[in-house]
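Shown below, as structure tokens, is a lone chain in the form predicted on its own; questions about how it binds or moves come after it.
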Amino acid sequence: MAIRVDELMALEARARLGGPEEARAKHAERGKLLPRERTQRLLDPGAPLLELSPLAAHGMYGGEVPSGGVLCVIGRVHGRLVCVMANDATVKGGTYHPVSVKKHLRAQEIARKNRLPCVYMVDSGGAFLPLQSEMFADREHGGRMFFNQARMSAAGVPQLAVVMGSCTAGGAYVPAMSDEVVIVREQGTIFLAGPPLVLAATGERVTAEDLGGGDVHARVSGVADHLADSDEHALELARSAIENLPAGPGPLWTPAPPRKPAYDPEELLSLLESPAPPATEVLARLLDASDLAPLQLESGANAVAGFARIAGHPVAVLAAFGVLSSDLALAFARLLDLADERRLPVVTFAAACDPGDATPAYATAAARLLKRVATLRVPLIAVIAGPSAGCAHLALSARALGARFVFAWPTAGVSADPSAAPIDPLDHTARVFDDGLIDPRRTREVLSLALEATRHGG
């Protein structure tokens, strides 16, 4: 397990580099910060952040689109949580591939559900045209980005854009549809087609700056509200804009001071060597003071349901390692009833599957659980802890039923049926079926940030 975690960390380190060295050097020569540098300058120094889907597109597109070409991060600006989406122009000029679109839309969904202001650091050539048929025409394709911006803006979820490079074609609409826009002088541009196409279509020679640069949009078109002298200046202006946003909605719950687990989270690695570790032992390394107020279950140690705190946040917690029986499904549905009544977020840890001899009674109980998850009024955050299959996976670990966040451990694997070969966790996360593979020892840190993000959502 330690080897698998080390391999995961190495893959993430490579993805964090972005595009090839030559592209990164050219980017820096133009006086531009790299996407992660931009994000660090925007966010509060030293504050924790949560990166979403860092291994998006892993093993896809010939390995040439690390992180899907877009960085998505939840972090704090002047103490307020925001969702940052930053194009990486060192990766294919910041163009969007199908998985890039999916990752961007997922980040917007998280922002919408949790009412997080969005900050778009735009440096994009729009769609990667050779693959346009996979990301242009349909409901959940690129156009949905603009729909999401319009709906969030109308709902009072702020939309801010910082134009730090070329914004061409679809990339031009992101700033144009934002509530407040910063553009960098003689670096940021916004136009549907650049100077080469203008020349081909009209015979007119025009520079990028004259066609759609900072002066044009800050002084003529009105698309931009602030004209910055550099990346650094643009980020100062963006921080100021966020600082002056009206206050968001009040919190759904109040955390207590966090307490460390009574057992060392490092021990999770050895526990997870087993395909079905005792749920009680796993939770003892994750919950505050290892303290759980459980509901009575008849399943022994491989399933747990009850109330606890994680990093100070009050939660209803479900953990299932093994077969989800009819009785367990009904008990879990009962806990969700109580969580809704008490307005408590739900956290699940599951490596569960349906019974091999599923009966009508199980189908009825599983349907009851599915319906209860789908109609929850409180946030649900899931951790895919191991091989998961069938209805048990859908109920406890899948985004299909509305989970606010879904993370996975390196032990994860997903299939429609226990008899079918599961999707490899790297393949699963590459396609943005989850919000990130995480080191089990970092689970409390990740859940703390996710719970904090959901605390102000609807």
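These figures come from a predicted structure and were not determined experimentally. All residue numbers are counted from 1 along the displayed sequence.
Another form, the form predicted together with a small molecule, is not on view; read the next lines as being about it.
Contact between residue 130 and the small molecule in the predicted complex is found at the 4.5 Å heavy atom cutoff. Among heavy atoms of residue 36, none comes within 4.5 Å of the small molecule in the predicted complex.
Though the partner is left out of this view, residue 325 does not reach within 4.5 Å of the small molecule in the predicted complex, counting heavy atoms only.
Not displayed here, the small molecule is kept clear of residue 227 by more than 4.5 Å at the level of heavy atoms in the predicted complex. Look at 371-379, 168-176, 308-316, 249-257: in the predicted complex, residues with non-hydrogen atoms within 4.5 angstroms of the small molecule sit in 168-176. Contact with the small molecule in the predicted complex holds for none of 343, 345 and 456, as no heavy atom of theirs lies within 4.5 Å. For the options 387, 158, 277, 93, the one in contact with the small molecule in the predicted complex, meaning a heavy atom within 4.5 Å, is 93. Taking 75, 125, 117, 213 one by one, only a single residue has any non-hydrogen atom within 4.5 Å of the small molecule in the predicted complex, and it is 125.
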